[in-house]
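Okay, here we've got a single chain as structure tokens, the form predicted alone, with questions on binding and movement later.
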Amino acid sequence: MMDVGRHPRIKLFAYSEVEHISGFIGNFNVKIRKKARYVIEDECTACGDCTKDCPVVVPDEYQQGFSSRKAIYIPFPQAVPSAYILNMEECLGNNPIACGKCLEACEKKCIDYDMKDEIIEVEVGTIIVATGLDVYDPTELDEFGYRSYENVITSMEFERLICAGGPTAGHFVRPTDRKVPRTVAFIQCVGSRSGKRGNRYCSNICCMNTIKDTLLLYDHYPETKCKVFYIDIRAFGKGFEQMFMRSKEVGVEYIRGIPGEVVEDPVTRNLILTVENTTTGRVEQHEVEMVVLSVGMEQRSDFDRLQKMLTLSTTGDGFVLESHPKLKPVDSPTRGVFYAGCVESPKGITESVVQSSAAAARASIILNAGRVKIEALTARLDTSLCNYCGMCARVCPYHAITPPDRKLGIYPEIIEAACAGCGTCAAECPNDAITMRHFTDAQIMAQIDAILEEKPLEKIVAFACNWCSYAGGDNAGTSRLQYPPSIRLIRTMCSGRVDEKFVLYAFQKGAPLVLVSGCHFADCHYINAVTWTQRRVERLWNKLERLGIRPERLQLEWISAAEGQKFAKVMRELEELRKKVTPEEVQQTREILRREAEKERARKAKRVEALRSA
């Protein structure tokens, strides 16, 4: 951080937060709230005189509460800038001034009780999201006794206790008696790999972090005995297995099983762990002097605000979804926005550094190019058909369409640099005023015509999104999974592009069955476009039922690119459904839709005529 603060081409906004982000790739506008420090940072020399006279004492967050700080303090050693911060929520008051001792002690008089937050606007070309992470709070796991027993600590608290810059100057001691513990137990996967409490995913670094901690203890206190209670040891990185073996060699005991209960001995303050050793098949009790809970990682609790500002996709575990897991691992679905570090998934320092370098390289490519090339998949608006409804702006996942204003006669404007070409706007536009390049209505209709030109009763029309379900079909093919040849795929960039009229047109042309398939909700490459697919298909089911057409003939499936087996299974199930559709039912459907189409054409002609005359 000190190197960043000294760099002539890096502007560092410390003690600040992002308020609002607007714009698109190459033209982002970022509003930053620089919080009031109540200390003039350019004049503060960090002499520390102010802290000596401050009467307020509170727990130090940086030291995990093991030591205290004053209301005016430096957040952590080597903080940039090297200036104090006055926490006004902890200060005794400045209106009126109830204390003022820090100002009296400050020789340079650089404390300003009237300082206000400052809003700063910056124009940037690209954004790298590197928000870090939170650690799991194990309080809810009351069987481990965290916050009930002083000698039960988390792995983060362990790091502060054994650190030379920590509250005990690197002397690892028990909180109760300040003595070096002779036995220490480490409990793994606290808050990770749990379906009921905590998180389902593996937090990646916990196993190796514990192995490192056991070796640290051995180096400092060779007589201290360590026991590690685990589900699985995941030592998968370079040199990690050797480190694991070295830990065993120095005497660390690994017990396969997670304790079901931790109880404190009221006399000795030792902790008794009851655990089923799954290796021996026996229930055992272990008495230790200290317990360290290896807590997992979580997405930051305040990440929702940033997610909405940048319209980022997230997976089911709360971490952000990359544009492509293999080909674009640091790109977000929003162009010009990149990821670095644990915002994307739990990872260690090495992986974070690699990803940060990749994100910086990706951003520099755009900045050095000067111009941005876009794919010819963007939307176009025919203003002669637009009626200012604003539906396109509401459904756009990227906010690439500005809302219209009927009173001022302002039509929606499509920002092509921000448009990703999902086609949701075109599918939802009630007047067909939006056209998608290379995925026009005419092109998709022509594909339906070609599919159903011969023997339509033997064909199933399937709309597949480019990134997931269509790729799932490729996966099934390369895996040599068998599925019926009756399936005819029509590729769209997103399932959100599948217009209601495409489905009805396929039925009108004699299709016995129609499938709409796309990404899972957590995997949508167009942020939330898949939710509009769901709504549209539900509307279609209601309409088909109202018209007397079996809704079961329209199927909706979510298939990811990796689910080749599911793709083949779904197609086999659809083939069985197709066989149950009779020629008479298809003919009746065609007649019903023919009459509906005539009515709709008449209504549409009137609307278009009214718009053009207006």
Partner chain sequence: MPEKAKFKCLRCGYLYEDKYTPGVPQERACPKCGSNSVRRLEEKSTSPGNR
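Numbering follows the first chain given and starts at 1. Just so you know, these numbers come straight off a predicted model, no measurement behind them.
What comes next is about the form predicted in complex with the partner chain, which does not appear here.
- Heavy atoms of no residue among Tyr388, Thr402 and Tyr411 are located within 4.5 Å of the partner chain in the model of the complex.
- With the partner omitted here, the stretch from 175-183, 534-542, 268-276, 286-294 that lies within 4.5 Å of the partner chain by heavy atoms in the model of the complex is 534-542.
- Put simply, Leu577 is close to the partner chain in the model of the complex: some heavy atom of it is within 4.5 Å.
- Of the heavy atoms in Lys225, none are within 4.5 Å of the partner chain in the model of the complex.
- Though the partner is left out of this view, Lys509 does not reach within 4.5 Å of the partner chain in the model of the complex, counting heavy atoms only.
- The partner chain is not drawn, but in the model of the complex it has no heavy atom within 4.5 Å of Thr51.
- When the partner chain is considered in the model of the complex, only one residue from Lys101, His520, His171, Lys501 comes within 4.5 Å through any heavy atom, namely His520.
- Contact with the partner chain in the model of the complex, defined as a heavy atom within 4.5 Å, holds for exactly one of Leu556, Val586, Ile40, Val58, namely Leu556.
- Shown without its partner, the chain has Lys566, Lys569, Val570, Glu573, Leu574, Leu577 in segment 566-590 as residues with a non-hydrogen atom within 4.5 angstroms of the partner chain in the model of the complex.
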